[in-house]
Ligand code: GLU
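Here we start with a single chain on its own, the form predicted on its own, put down as structure tokens.
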């Protein structure tokens, strides 16, 4: 029997899940032009495969068109089928970008940044995940024994990433129980988010072939360790030269960078509706979990919402080429495209308005009184997804970054997700998310 080789064209949806349609590779030329048919209400399929309230109903048609520059084609050389998929853009049947396409939303944000500032965003994602086999002794955080336990997985996984065009940076046993982290080298523009999707999906593809189980859920237990996404950002100019660092600027941030960071911190109560987009995300966004809890800029502080990262001042290394800042109030229950898009839009708003960030903190803000926090311009991040959605509804500026009907669709989607969980205990909600991420 002659098997038909298949490839799939995919999108990262509002839940951060990757969905799409497969087609025969023999039809590649035509599919690269016309894509596959897609349905607007697909956007309202929640993380739990329920359909949230939809303004589209059974009406409408779209196209999901593969991007040949965003192709993962990996042969695991173990007799399993070729892992072959594309990431693509959802467009109307006339080719116009669809308002609810997450990848298109990011492209729009990046184009605006470049048009208004002459800068391109260079970014990288760090992803944390956990294996779910509790019978294994994973050893201490950052330990050689934990690395040794999953070295075969890591070798296969990073090889798959490399085959898909991702430049892996590190693979390590993290501090949390059964927890590991994978990082990538930075990329310019939409490629960084494409690679973040590849990192998630190829981890799952590797685990399927090695007989292991893992989860990217934000948190497996309300009292446990969370799995975050850390998004590193810097700028390059049109010549590709670093454009973020100023040794005389606050924390090393140059003018554009500090305005950009200030915009993120100004809008972050609404932004977390997109970056920490699950009910259980907010068990992680609390003090002393090495995530984020306040709208602060931190100097080498791993509990700051935005952290100024260190540079290696050794062996003649250029600090400008290393310098970056990191957004930490994010996790994998969200689309990397939406995460990066809202950060770019918020940062650009800060540049337009010449906003200034607060002085970088190097202290535990949770010990300060409400008055002390207020006097210094700090606010607690939302403590639930519903509160974050309310902050989004209150923020006209954030809403203005999107075309109709995106905000209405997104709010309905997330409230549909919350409705599915309505009668669950915190432990049961964590278990539900563990199963779908």
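Just so we're clear, the structure is a prediction, and the values are computed from it rather than from any experiment. Residue numbers count along the first chain shown, from 1.
Note that the form predicted together with glutamic acid isn't included here; everything after this is about it.
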| item | value |
| --- | --- |
| Contact assignment for glutamic acid in the predicted bound form, among 201, 149, 174, 89, heavy atom within 4.5 Å | 174 |
| The unique member of 335, 324, 227, 305 whose heavy atoms fall within 4.5 Å of glutamic acid in the predicted bound form | 227 |
| Per-stretch contact check against glutamic acid in the predicted bound form, the hit in 231-239, 125-133, 271-279, 183-191 (non-hydrogen atom, 4.5 angstroms) | 125-133 |
| Residue contact check: residue 289 to glutamic acid in the predicted bound form, 4.5 Å heavy atom | yes |
| Contact label in the predicted bound form: residue 215 to glutamic acid, heavy atom within 4.5 Å | no |
| Non-hydrogen atom contact residue 284 with glutamic acid in the predicted bound form at 4.5 angstroms | yes |
| Residue 259 within 4.5 Å of glutamic acid in the predicted bound form, heavy atoms | no |
